[in-house]
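A single chain comes next, written as structure tokens; it is the form predicted alone.
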């Protein structure tokens, strides 16, 4: 069976997309379906290449049982569009940036927004960037991502 390959994308790959990666990984491990997936995250900028997730994001994620271990990397259109089935941006600007790099309809069709998969947080049309906010911003991001990851799993399993 082919594995479903998912790439979560935000601007710097230090808050939202590594959190989505960690949440999704934990959910599929808990469901016993992790062997069916390849999961990664990236940023549209290369500002933080090789860095760990933001320490504040890590602090909030650990409290919920998520381990943000991945290191930041830049999104590489030439390989990432080929390697992944789903390329999921966190906000409208991420979607614009990703679409501008798609070379054909197949690549374009792989792009979606994280909040498209929300079940209970459907009032949010983006996952807000918590970088300049306080604790409530990081907690809200985790709430939205938990909801959207559950919805994404449901969508893939249908």
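Numbering follows the first chain given and starts at 1. These numbers come from a predicted model, not from an experiment.
The same protein has a further form, the form predicted in complex with 4-nitrophenyl phosphate (4NP), not shown here; the description that follows concerns it.
query: Thinking of 4-nitrophenyl phosphate (4NP) in the predicted complex, which stretch from 59-67, 99-107, 123-131, 31-39 has heavy atoms inside 4.5 Å of it?
result: Result of the contact check: 123-131.
task: Check whether residue 144 has any heavy atom within 4.5 Å of a heavy atom of 4-nitrophenyl phosphate (4NP) in the predicted complex, and answer yes or no.
output: No, residue 144 stays farther than 4.5 Å from 4-nitrophenyl phosphate (4NP) in the predicted complex.
- prompt: Should residue 14 be classed as touching 4-nitrophenyl phosphate (4NP) in the predicted complex when contacts are defined as heavy atoms within 4.5 Å?
  reply: Yes, contact at 4.5 Å.
- prompt: With the partner left out of view, is residue 48 within 4.5 angstroms of 4-nitrophenyl phosphate (4NP) in the predicted complex by any non-hydrogen atom?
  reply: Yes - in the predicted complex, heavy atoms of residue 48 and 4-nitrophenyl phosphate (4NP) come within 4.5 Å of each other.
message: Using a 4.5 angstroms cut-off on non-hydrogen atoms, would residue 148 count as touching 4-nitrophenyl phosphate (4NP) in the predicted complex?
response: Close contact is absent here: in the predicted complex, residue 148 is far from 4-nitrophenyl phosphate (4NP), nothing within 4.5 Å, heavy atoms only.
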